[in-house]
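Given as structure tokens, the chain that follows is alone and in the form predicted on its own.
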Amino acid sequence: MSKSKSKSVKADYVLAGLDIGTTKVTCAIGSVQDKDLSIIGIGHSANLGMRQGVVVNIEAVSEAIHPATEEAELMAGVEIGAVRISTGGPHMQSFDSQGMVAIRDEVVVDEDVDRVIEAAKAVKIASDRQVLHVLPKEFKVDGQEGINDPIGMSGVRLESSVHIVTGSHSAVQNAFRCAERAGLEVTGLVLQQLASSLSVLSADERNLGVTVIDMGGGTCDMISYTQGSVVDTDVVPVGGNNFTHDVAMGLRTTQIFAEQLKIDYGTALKDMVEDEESIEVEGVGGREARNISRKDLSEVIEARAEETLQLIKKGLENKGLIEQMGSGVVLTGGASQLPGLIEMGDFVFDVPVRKGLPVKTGGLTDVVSSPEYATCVGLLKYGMTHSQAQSQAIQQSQSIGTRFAGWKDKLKNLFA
């Protein structure tokens, strides 16, 4: 959590989120006042130091963080010293675990919930991995299943089922080092698809069952909800860069020009393109440019798009999640902006598919109303929720301390 140094921003506190992606770094700054979030600054820059969500060049990533944070600070009129950062990629692994404790006073209180979650996460993991999140799936009170919030319920035995997310220790520490070398303190690390889901999903979608697919440059990061809780997280190591590579190889052009072709003229369905449309393709190694049918470009992209969505569908089917997605699939992230991808998703998944845009916030709503900002906005929402929880815990601690001091004074007076 960062404090504003500018008197022009009236807020209870200021938050910053840093999305370190495979192709770009995005920084968002938000102010929180009366529990309402407003986006006051946004900045981004190209990133050449990542591969499939993992740092491969610390210096390059650090240099990419600087212009992104400076642009966001300039727009917001504040300076930030601390950020929450996102992480994802194939090094992320997750599994389910269970725990059980006795309810001390026959009525479930916060302390009992904390104890049962601690019991559930008391599992042995490899020394080269670290736990990032422990996400409660459901609770049981004396065998009664399907409980999301057991506080206040009567019973003698409390059980919990949790979803534990772990990451490679070295990959996580390298992400920390990049931010620290850019002069920032890291206050927390958040799973990329978890952050994205916080900004694009409604409570109804989480309850009905939904899968969010964050399509980035190097990977497609997935998170699935049923009955309001996270039930699965997964990664498919294919992203927008693979689309670009296929275009470069298929049309025999440079990677840079292939990326521009994909953005300007690419579609995931060749039927969306007229037969007579043509585009100019830059040659490689000094060769002359040539004209080709735009449909040829779309055929290359369509093949890769269908293969990617089929890979995702197969993973969901193997885990029995397709049948649980009552509200369908949400595609978000920069690579999800490819025209025709939503329509192809409807056909491949055979469930409703929509594009995931960050939900309405205050401030720069129009600027961040794009799938590429889903993770950054989600980082701010995650930070706001946890800052409020931390504040409540401090207030409770202070209240307990005050009551203890009061009893101490009474005892002194009694013995006196």
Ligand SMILES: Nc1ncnc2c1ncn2[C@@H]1O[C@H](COP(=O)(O)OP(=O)(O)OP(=O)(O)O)[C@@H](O)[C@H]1O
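In case it trips you up, residue 1 is the first one in the sequence shown, and so on. Values in this document were obtained by computation on a predicted structure and should not be read as measured data.
Beyond the structure shown, there is the form predicted together with the ligand, which is absent from this document and is the topic of what follows.
**Q** Please tell me which of Gln337, Gln324, Ser97, Ser168 lies within 4.5 Å of the ligand in the predicted bound form, judged by heavy atoms.
**A** Partner contact (heavy atom, 4.5 Å) among the options: Gln337.
**Q** Out of Met215, Leu297, Ala120, Ile85, which one falls within 4.5 Å of the ligand in the predicted bound form, going by heavy atoms?
**A** Checked against the cut-off, the match is Met215.
**Q** The chain here is shown without the ligand. Which stretch in 171-179, 148-156, 110-118, 328-336 comes within 4.5 angstroms of it in the predicted bound form, by heavy atom distance?
**A** Answer to the contact question: 328-336.
**Q** Would all three of Gln93, Pro136 and Thr233 be in contact with the ligand in the predicted bound form, where contact means some heavy atom lies within 4.5 Å?
**A** Negative, none of the three is within 4.5 Å.
**Q** Would Asp246 count as touching the ligand in the predicted bound form under a 4.5 Å heavy atom rule?
**A** Looking in the predicted bound form, residue contacts with the ligand do not include Asp246, since no heavy atom lies within 4.5 Å.
**Q** In the predicted bound form, does Glu372 have a heavy atom within 4.5 Å of the ligand?
**A** Glu372 belongs to the contact set for the ligand.
**Q** Applying a 4.5 Å heavy atom distance criterion, does Gly240 contact the ligand in the predicted bound form?
**A** Yes, Gly240 lies within 4.5 Å of the ligand in the predicted bound form.
**Q** Contact with the ligand in the predicted bound form for Glu259, defined as at least one heavy atom pair within 4.5 Å: yes or no?
**A** Taking the distances in the predicted bound form, the answer for Glu259 is yes, it comes within 4.5 Å of the ligand.
**Q** If we check the ligand in the predicted bound form, which of the residues in 340-371 reach within 4.5 angstroms of it by a non-hydrogen atom?
**A** None of them.
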